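Let's start with one chain on its own, the form predicted on its own, as structure tokens.
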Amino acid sequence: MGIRVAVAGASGYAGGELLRLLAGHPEFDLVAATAHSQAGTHVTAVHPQLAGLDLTLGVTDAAGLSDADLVFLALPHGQSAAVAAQLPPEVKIVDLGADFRLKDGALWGKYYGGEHAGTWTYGLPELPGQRELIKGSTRVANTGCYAATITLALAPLIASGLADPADVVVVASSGTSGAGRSAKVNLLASEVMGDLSPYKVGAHQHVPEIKQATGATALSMTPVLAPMPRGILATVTARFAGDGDPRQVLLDAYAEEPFLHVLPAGQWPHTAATSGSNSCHLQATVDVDSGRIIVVSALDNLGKGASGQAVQCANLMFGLPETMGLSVFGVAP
């Protein structure tokens, strides 16, 4: 018997991707998956791509989750804390929601509303020193999808002194799965196809998380809903604060990272190349007109932006190879 794992919130897109990854993981044994309105439903009725996985979704409560060694919480923002509080302290948890990401309770209230539940170890292994913290933690807060895409592009540039932390502008496009699985008029195929639409302009909830993770002090972000099911493409620009080559800074920072790829000069990231993988593709240049740093970053919002990242953190928490059960390569076309 391997490491017993359970997924709460398994009926959503991130939950379904977790089930797919865990079903093929050589050390994790999937023993339970829970949902809310879909409790009592066979998993293949909700996720037909998982044909062959014999599992019925249970009710999300401590009784259905406490028998696991590790629980993934793939619940809506604000719902993880109550479930986590009911689980025994020896059960390790990776939370894919936002409940425990922020250190500042006032910012939680401003961007999410309600009471701040606290702060757990931040689940982005590629940040300096974070990998060792994750290894020693029983509670890990997974990154937001936009936050992972933008932080990986920006953090080394600020840390090196090359980018001005007070002058960062981001425009990022995300696939519709990033908005969750709930039925919404603006996510209907007829509304999305052939269209690009900005949303939460100047007030996206991932902004304080990105600033916390990168050291940025002022960040303007415009998120855009794109007519595709999965993927994020972020264009991050910043004013120079020092001398150097931004692409070389990224190459030096990520030289030993299995999931981060600074592409060959002249080759630019695109979302399809990362689909189904736990990889992030990056490229950097300097704008010939404005002189600003430009970094383009792409990843699968359900992979490195959510479920793949969660499995990567779980591998570290149990002393397993970090890449176990995860693909570096995307699926295309």
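When you see a residue number, it is the position in the sequence shown, counting from 1. Bear in mind the structure is a predicted one, so any value in this text is a computation, not a measurement.
Although not depicted, the form predicted in complex with a further copy of the same chain is the subject of the following passage.
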- Message: Leu50, Gly194 and Met221 - do all three of these have some heavy atom no more than 4.5 Å from a further copy of the same chain in the model of the complex?
- Response: yes
- Out of the stretches listed (89-97, 132-140, 185-193, 147-155), which one is close to a further copy of the same chain in the model of the complex, meaning heavy atoms within 4.5 Å? 185-193
- Using a 4.5 Å cut on heavy atoms, which of Leu70, Ala39, Ile294, Leu55 is close to a further copy of the same chain in the model of the complex? Ile294
- Task: Taking 4.5 Å between heavy atoms as the contact cutoff, choose which of Thr119, Gln79, Gln205, Ser173 touches a further copy of the same chain in the model of the complex.
- Result: Ser173
- Task: Flag Gly308 as yes or no: does it have a non-hydrogen atom within 4.5 angstroms of any non-hydrogen atom of a further copy of the same chain in the model of the complex?
- Result: no
- Item | Contact flag, Leu320 vs a further copy of the same chain in the model of the complex, heavy atom cut 4.5 Å | no
- Task: Indicate whether a further copy of the same chain has at least one heavy atom within 4.5 Å of a heavy atom of Ala33 in the model of the complex.
- Result: no
- Is there a heavy atom of Ala272 lying 4.5 Å or less from a heavy atom of a further copy of the same chain in the model of the complex? yes
- Query: Going through 302-333 from first to last, which residues have a non-hydrogen atom within 4.5 Å of a further copy of the same chain in the model of the complex?
  - Reply: Leu302, Val328, Phe329, Gly330, Val331, Ala332, Pro333
